[in-house]
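Presented below, as structure tokens, is a lone chain in the form predicted on its own.
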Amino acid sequence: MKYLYYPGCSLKGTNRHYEESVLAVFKALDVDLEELADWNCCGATAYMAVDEMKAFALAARNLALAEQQGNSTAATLMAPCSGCYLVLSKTQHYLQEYSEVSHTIDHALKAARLSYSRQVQIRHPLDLLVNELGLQAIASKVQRPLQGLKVACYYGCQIVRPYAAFDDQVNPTSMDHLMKSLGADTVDWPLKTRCCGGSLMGTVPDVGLPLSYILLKEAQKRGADVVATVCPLCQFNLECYQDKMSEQFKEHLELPVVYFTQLMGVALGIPERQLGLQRLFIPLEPVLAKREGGRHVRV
């Protein structure tokens, strides 16, 4: 089994621990990933708001490269970042549904000596793991079951809206099922797709900060030991601003926020540095040690 892999900007920078855990987990599961050669920025959600057509052109170039590198019109391109996944998916939809967009982007690609036939499949790793590899196959490789660990699965806005390609828009459950296959318990909470504040944390923090606080407070209230997410911006907002939230809302917050692939890697017995756990601001180790009765040993 082999897929093309589009890392995007975040996974090569501030969210290296997401890439490290994705690569380590897929390797442990005997799935080959081939990084898309000469990839560029996806066009990002912010860029999409400034100049939609240029954002489409940036994203379409990646899709054309994937078709070329995959040597097939049915190549699968995996995009772990929720923003990248959304922009690539949106571009695919607009190319198929709007002739004006299609004509303009085809002309831009032609100027770059590229073409695109609209057939590349854009998949999120959560989708591939659950719906292609399968929960039973993953469970069979678990070495350190996550029994007793209570996980709040946070999907965020972008992997299920507006395109619910592999899960329910209102109540997604794929990550919950995945965590349970690793032995963990998942908390039932209604905020799994509520916005974390997104880019508002850097633009209008008075609005963004309360949105993240509400999520963490609710997860904590429902007994979660850790929040698992699929999105670089969500992970950053929920983890890195907890000191500011504690100060502003006069309530101590110290809840680990990790990528779902990092928890998978722990369960699969992958060394923690290969999963980027040392890059977390709020360490996961104390939670794991408590779960294992103080016997957790860093590997």
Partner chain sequence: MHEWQGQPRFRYEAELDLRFPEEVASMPGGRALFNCIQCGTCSGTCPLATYMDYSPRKIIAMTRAGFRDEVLHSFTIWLCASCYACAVECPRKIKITDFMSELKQRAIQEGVFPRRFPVAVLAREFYDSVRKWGRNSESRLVLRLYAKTNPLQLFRQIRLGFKLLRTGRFSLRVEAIEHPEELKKLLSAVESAKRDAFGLGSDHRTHQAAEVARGVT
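This one's a predicted model, so the numbers in the text were calculated from it and none came from an experiment. Residue numbers count along the first chain shown, from 1.
Just so it is clear, the following notes concern the form predicted in complex with the partner chain, a form of the same protein that is not shown.
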item	value
Listed residue that, although the partner chain is not shown, lies within 4.5 Å of it in the predicted bound form (heavy atoms), from E34, D30, D51, E251	D51
Listed residue (L86, M175, V227, L149) with a non-hydrogen atom within 4.5 angstroms of the partner chain in the predicted bound form	L86
The partner chain in the predicted bound form reached by all of L135, V142 and K180, non-hydrogen atom within 4.5 Å	no
R161: touches the partner chain in the predicted bound form, heavy atom cutoff 4.5 angstroms	yes
G202 within 4.5 Å of the partner chain in the predicted bound form, heavy atoms	yes
Contact test in the predicted bound form: T76 vs the partner chain, heavy atoms, 4.5 Å	no
is_contact(E239, the partner chain) in the predicted bound form, heavy atom dist at most 4.5 Å	yes
Stretch in contact, per heavy atom within 4.5 angstroms of the partner chain in the predicted bound form, of 193-201, 180-188, 116-124, 217-225	193-201
Residues from 36-55 in contact with the partner chain (non-hydrogen atom within 4.5 Å) in the predicted bound form	D38, W39, N40, C41, A44, T45, A46, Y47, M48, A49, V50, D51, E52, M53, K54
